[in-house]
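First, one chain by itself: the form predicted alone, in structure tokens.
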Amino acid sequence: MNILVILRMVPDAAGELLLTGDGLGIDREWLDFQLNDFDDHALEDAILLKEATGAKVTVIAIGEGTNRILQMAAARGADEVIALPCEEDELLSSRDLAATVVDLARARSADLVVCGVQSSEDLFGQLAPYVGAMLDWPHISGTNRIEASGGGLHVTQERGAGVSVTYEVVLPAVLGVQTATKAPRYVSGSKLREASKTPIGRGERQASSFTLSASIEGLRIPEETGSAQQLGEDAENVAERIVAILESNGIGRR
């Protein structure tokens, strides 16, 4: 089995955000970047499948700081690591990235493509469906368990409200991972130092065949209109304060 894993570096959402001068984007110059958490879980599932089946794992990464992330992937067990070029202030478009992933999947005769179910720049989780559609392979998103089964996989998908469903998947396929079968493993410093010698390949970006169906007209930072109030923990006191707030705003009266 040949597994292709996609790792995306995304802005740290906890940092302060500033808009670009034209108001059409986020100023990325001073942002910190980190590995997309869901992609980290996708990598772990790929390594677990390798340990269970002897699969080959190829990891591609895109965004600022990819070298250290690829070294971490090699330390965890990836067989081949590839960095994709990316402009410093580039927003990672799932449409554009999908074309490159498809090209690499075909070039490496991949049987399975895995990525995180979503990212802070792909909140609707479009990457896995795009790749699946372009390859004409089945895809499942929101997975929380992947197990080898004969020549295929047993894949469990979380449906919410404590309900999940398990599919029997025939390869090739594309999976959007929500939670790995096991928590991502810790990598020791000695393994990271050893993995720093791993050669990092350089991939090429492919042009997307998609055409834009919408564009951003403007962004704005939400205005601060008030502050939160801590009402305490005593139920009777909290109720009294809520009633007082409602009365002071003309919403209700006793």
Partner chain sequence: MKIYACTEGRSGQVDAVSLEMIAAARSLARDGDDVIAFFAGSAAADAAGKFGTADRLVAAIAPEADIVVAGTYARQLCDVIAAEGAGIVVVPYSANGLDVASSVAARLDWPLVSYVEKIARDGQSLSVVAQLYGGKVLADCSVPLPAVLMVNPGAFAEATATPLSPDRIDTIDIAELVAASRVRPISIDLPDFSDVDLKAAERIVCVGRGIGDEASIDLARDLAALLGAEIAGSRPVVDNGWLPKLRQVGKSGQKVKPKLYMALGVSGAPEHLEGMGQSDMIIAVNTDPKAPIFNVAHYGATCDLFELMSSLSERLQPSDT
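Numbering follows the first chain given and starts at 1. Between two forms, the rigid core is the largest collection of C-alphas that superpose within 1.5 Å. Here the structure is a predicted model, which is why all the values come from computation and not from measurement.
This next part talks about the form predicted together with the partner chain, which is not shown.
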- TL;DR on 44-52, 23-31, 193-201, 66-74: the one with heavy atoms within 4.5 Å of the partner chain in the model of the complex is 23-31
- Looking at Met134, Cys86, Ala83, Ala148, which has any heavy atom no more than 4.5 Å from the partner chain in the model of the complex? Met134
- Item | Heavy atom of Ile221 within 4.5 Å of the partner chain in the model of the complex | yes
- Message: Although the partner isn't part of this model, could you tell me whether Ala107 comes within 4.5 Å of the partner chain in the model of the complex, counting any heavy atom of the residue?
- Response: no
- Task: Considering only heavy atoms, tell me if Ala78 and the partner chain come within 4.5 Å of each other in the model of the complex.
- Result: no
- Does Ala207 make contact with the partner chain in the model of the complex, using a 4.5 Å heavy atom cut-off? no
- Sequence-ordered residues of 163-188 touching the partner chain in the model of the complex, heavy atom within 4.5 Å: Val163, Ser164, Val165, Thr166, Tyr167, Glu168, Val169, Val170, Gln178, Thr179
- Superpose on the rigid core, then tell me if the C-alpha of Gly142 is displaced by 2 angstroms or more between this form and the one not shown. no
- Task: Could you tell me whether the Cα atom of Ala183 shifts by at least 2 Å between this form and the one not shown after core superposition?
- Result: no
- Task: With both forms fitted on the core, give yes or no for whether the Cα of Asp234 moves by 2 angstroms or more between this form and the one not shown.
- Result: yes
- Your call: Ser213 and Leu84 CA atoms, closer or farther in the model of the complex versus the shown structure, by 3 Å or more? closer
- Query: What happens to the Cα distance from Ser213 to Gln206 in the model of the complex: does it get closer or farther than here, with a change of 3 angstroms or more?
  - Reply: closer
